[in-house]
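In the form predicted alone, a lone chain appears below as structure tokens.
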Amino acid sequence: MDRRTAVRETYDRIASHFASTREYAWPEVETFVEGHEGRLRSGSVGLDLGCGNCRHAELLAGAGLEHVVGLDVSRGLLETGRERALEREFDVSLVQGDAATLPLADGVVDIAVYVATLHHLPTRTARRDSLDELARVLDSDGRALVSAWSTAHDKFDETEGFDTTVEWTLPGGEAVDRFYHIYAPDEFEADLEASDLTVLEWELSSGNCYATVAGSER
């Protein structure tokens, strides 16, 4: 089994329990969406990339977007997103797909949220490809928020980026390993700068690197 298949199967396995612990949108995402509502126009498209249970897709839908797409590699997590959308009565188009090869046309996304997902892609090539793909699907005036776990988190002593696994404990006590690439902040910035994205601003918050980006040549 290759590493990307292993990541997908891990999240299929823990999907229901994982989703039950992810109730609320992150404050950084709320601030980003609220700060860009004025840029949105009739027919705007939002993308929640690595959507999980669609807590951030719900936020995008609440911002008045006409179309919201939630994309995740895990069918199990997409099912939790479908259930949330039905319960809370918001519209989202759910797509199973790989963040490194997005099944979306060029320039169709006006606003995107790509949080807590980049660090689960198990190779640097896949992570860089996913950043280029995000640049490709963004509209000429589109904006995205990208985040990844970093060595700035007080959980880690390392200063260089590294691969690791972090256990997820299911009810009953079974531990399931989840792959993470923990970014050094300068590595995160370097990967963004090397991609087709244009970095508008970035910051560290709660141990995560965050960047607001646009497509290339914006």
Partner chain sequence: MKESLLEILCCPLDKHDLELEDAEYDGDEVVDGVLVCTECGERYPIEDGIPNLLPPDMREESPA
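Because the structure is predicted, anything quoted here is derived from the model rather than measured. Residue numbers count along the first chain shown, from 1.
Separately, the form predicted in complex with its partner chain exists; it is not shown, and the next lines address it.
Interface membership of Arg75, defined by any non-hydrogen atom within 4.5 Å of its partner chain in the predicted complex, is confirmed. Not displayed here, its partner chain is approached by Leu104 to within 4.5 Å at the level of heavy atoms in the predicted complex. When its partner chain is considered in the predicted complex, Val69 lines it closely, a heavy atom lying within 4.5 Å. In the predicted complex, its partner chain sits within 4.5 Å of a heavy atom of Glu9. Contacts between stretch 81 to 119 and its partner chain, counted in the predicted complex as any heavy atom lying within 4.5 Å, involve Arg82, Ser93, Leu94, Val95, Gln96, Gly97, Asp98, Thr101, Leu102, Pro103, Leu104, Ala105, Val108, listed in sequence order.
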